[in-house]
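This document starts with one chain, in the form predicted alone, laid out as structure tokens.
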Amino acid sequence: MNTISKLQIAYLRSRFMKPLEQLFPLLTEPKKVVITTHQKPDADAMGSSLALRLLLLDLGHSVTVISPTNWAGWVDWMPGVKEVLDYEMNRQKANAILDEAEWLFCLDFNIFHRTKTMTEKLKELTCTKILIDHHQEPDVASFDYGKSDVSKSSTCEMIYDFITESGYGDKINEEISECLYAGIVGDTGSFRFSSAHQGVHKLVADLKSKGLNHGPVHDRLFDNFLENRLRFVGHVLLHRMEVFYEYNTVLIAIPKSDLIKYQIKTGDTEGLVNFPQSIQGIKLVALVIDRDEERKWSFRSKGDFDCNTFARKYFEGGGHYNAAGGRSSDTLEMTVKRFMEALKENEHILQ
């Protein structure tokens, strides 16, 4: 496809990205479907992908879920996860499936660079691209159909809406319910965040009526780690956590040596950024981890501090108002220095 054609498609998508509801009548015609999500998928990303997969398989579609990277072991229990392709480990096979795809569902992310090494491949695909996401500032020019709703607790909530509003609520079984519930629990902080609105509780009640046994889901998500992870958490809170009361902020900076010492794997740092929020008066928590290729940031806030804007301005990131992520190519020392400078610039908001 030449450059002009690509620009024309981007222009048309930006002006005419169709409402998701217009896709509903097309669900009866079997398609070759790929579902993908952001790198290092969490419970919401994997849960929404697998729940949608189960629905579309039931409707007669050919469906493959492709994750840009590996994922945490605590989502390995989810129905269908063994069929998910790791793009980094199976690039040739995944690319062949993507080339044949008629529909591409993009869940829990809204701009292609969040898929890491899949970015350029997704950009070049000419199939129908469908967005379902709840983060801020979507790249609408990249999608043919879509819904982006920051008022939603999770992408799993949006997939529940997709299933019920398209007329297939009767197809929500125990397996779909478990996937959806896992993502909702994960993204609402077990229902303590403000995103757990009235509709979320009604949704869960409906899943319970369809056979959901929620206890085992909690066990698999939160009580499914090895001893080394608990010792790692204790080490981090004792030795890597700094409290800056003048900014009502907590910073946790984890060097790569800690990851090696405690044999930390994908998913073992999940939820760590939430621990310091229990400290009285803290408005902002920042966690930075020294990964091989980059430094990864996670931000959590309370009240009127905008994590999304902060992450976008200083650390090439984004997300939600009170929860966001970012990255840096600088050394751990330099990115921490950059963070401290950013704190000073935002002192008037944090005090």
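The numbering used is simple: start at 1 and walk along the sequence shown. Please read all numbers here as calculations on a predicted model, not as lab measurements.
Unshown form predicted together with guanosine-5'-monophosphate; subsequent notes refer to it.
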{"property": "In the predicted bound form, the residue from 324, 54, 289, 66 that sits within 4.5 Å of guanosine-5'-monophosphate by heavy atoms", "result": "324"}
{"property": "Heavy atom within 4.5 Å of guanosine-5'-monophosphate in the predicted bound form - the one residue of 129, 152, 135, 147 that qualifies", "result": "135"}
{"property": "Contact test in the predicted bound form: residue 301 vs guanosine-5'-monophosphate, heavy atoms, 4.5 Å", "result": "no"}
{"property": "Partner-facing stretch of 311 to 319, 54 to 62, 278 to 286, 28 to 36, counted where any non-hydrogen atom is within 4.5 angstroms of guanosine-5'-monophosphate in the predicted bound form", "result": "311 to 319"}
